[in-house]
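One chain is shown next in structure tokens, namely the form predicted alone.
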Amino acid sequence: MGRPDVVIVSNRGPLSFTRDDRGELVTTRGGGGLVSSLGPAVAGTGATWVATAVSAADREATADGAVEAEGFRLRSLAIERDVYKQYYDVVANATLWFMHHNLFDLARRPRIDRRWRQAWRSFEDVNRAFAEAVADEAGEGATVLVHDYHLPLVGGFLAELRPDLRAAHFHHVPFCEPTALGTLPDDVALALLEGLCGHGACGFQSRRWAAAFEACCHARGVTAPPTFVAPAAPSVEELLSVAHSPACEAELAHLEEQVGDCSLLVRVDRIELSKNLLRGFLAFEELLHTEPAWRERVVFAAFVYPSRIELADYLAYRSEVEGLVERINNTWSTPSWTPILLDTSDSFVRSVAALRRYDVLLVNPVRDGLNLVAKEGAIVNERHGVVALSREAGVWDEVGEACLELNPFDLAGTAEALATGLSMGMAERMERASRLHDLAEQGSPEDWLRRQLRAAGTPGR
């Protein structure tokens, strides 16, 4: 097989490997929003996807080079475990993620010490390893699409190694404002921006995030590359296939048994600090306080699954979420009604079943690059459901006109929005749901891929 003319680069790949009961390697489609959005467009195209080999099975499966399965050609990087943890846990997740989402408790974090500096060197090393792998894989004049905040330095290294390549970077999460960038040491902040500017173009989910990147470049005296805005889109075909599957029907039937005649409030999220779970549950309790008529008439089903369990902040957050739900249920439950159903298992089929059934969908992040759940819910919902959406989610720019607007920090306002959504008349519900459905179905993974290729300067796209 010849060298590919398109290379996709991301921390997590489109395939994962495990061993079955007989000890044989089994291939499955990888998880995460990037794979679900870009995977359907890339599968079977002949492109190569470069990613890390996370598990021991991943390393074994790809030890002899690139593998082909599920329509993908995957080149995996086996990175030494301690180096990977410093790159991924310390810098990418505990620093850059917190910075871009405005999550730092500035009285305590970040703490830039000699250990952090060592982690930053590992971060540089991993980004360089990705660039070297791409340089080795890509054909002459190939297009390289680098994805997300884990790999901002790849473009700069690639420009040195393979100046013939056309590279674009796509930033899935928000981009911070200049003040937040100032939490990094000056040399690190500059390296971050110059690495991104090494790409021929930088893409974002929202114009807000592109403007923030440009403002950071201006504040640091760096010339920004062309930017483009290309919100990700779910695969409607794959989503509806899951929604209409026997497994999803069984999950929906089980949910109906639990909910009975009650209205259903739903959220589907990772247990992630930026997703604002605690305020969502507190707002629901506020609703029970201020609108007694809804007691025993509404159930809040929260399908939330663990995230970044290696980080102490996330373990503590999960404990706080579970403790709060337990307190609210202990306070308000009756013999025939449990107000909150908390499910922390990672089941996409179960989540899709909940999205089919909601009367109100709560999406209230404090800050989010996009948020596909707001689109996915609108596509599969069967009850003219209303979406209560944070204006701090990037997807607000696309679908906000058909949603109930939330200030994610305003508990009382969120409770009022929930009451509005639950009591909304059918005519308005139908009108909003129809408009939201149309907005959510605009674009496709294929469109998203084409926009990235065009931004990178690929001819004929």
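In case it trips you up, residue 1 is the first one in the sequence shown, and so on. The shown structure was predicted, so the numbers you read here are calculated from the model rather than taken from an experiment.
Form predicted together with 6-O-phosphono-alpha-D-glucopyranose: not shown, discussed below.
Where does 6-O-phosphono-alpha-D-glucopyranose sit in the predicted bound form: which of 340-348, 181-189, 144-152, 195-203, heavy atoms within 4.5 Å?
The contacting stretch is 144-152.
Which listed residue (W97, W294, W116, F157) meets the criterion of a heavy atom within 4.5 Å of 6-O-phosphono-alpha-D-glucopyranose in the predicted bound form?
By the 4.5 Å heavy-atom cutoff, the listed residue in contact is W97.
Tell me, out of H172, R356, R267, R75, which residue has a non-hydrogen atom within 4.5 angstroms of 6-O-phosphono-alpha-D-glucopyranose in the predicted bound form.
Going through each option in turn, the one that passes is H172.
Thinking of G33, Y88 and N93 as the candidate spot, does 6-O-phosphono-alpha-D-glucopyranose come within 4.5 Å of a heavy atom on all of them in the predicted bound form?
The answer is yes; G33, Y88 and N93 each reach 6-O-phosphono-alpha-D-glucopyranose.
Is there a heavy atom of R109 no more than 4.5 Å from a heavy atom of 6-O-phosphono-alpha-D-glucopyranose in the predicted bound form?
Heavy-atom contact with 6-O-phosphono-alpha-D-glucopyranose at 4.5 Å: absent for R109.
Quick check on H437: any heavy atom within 4.5 Å of 6-O-phosphono-alpha-D-glucopyranose in the predicted bound form?
Taking the distances in the predicted bound form, the answer for H437 is no, it never comes within 4.5 Å of 6-O-phosphono-alpha-D-glucopyranose.
Taking heavy atoms and a 4.5 Å cut-off, does R279 contact 6-O-phosphono-alpha-D-glucopyranose in the predicted bound form?
Close contact is absent here: in the predicted bound form, R279 is far from 6-O-phosphono-alpha-D-glucopyranose, nothing within 4.5 Å, heavy atoms only.
Please check if R12 has a heavy atom lying within 4.5 Å of any heavy atom of 6-O-phosphono-alpha-D-glucopyranose in the predicted bound form.
Within the cut-off, so yes.
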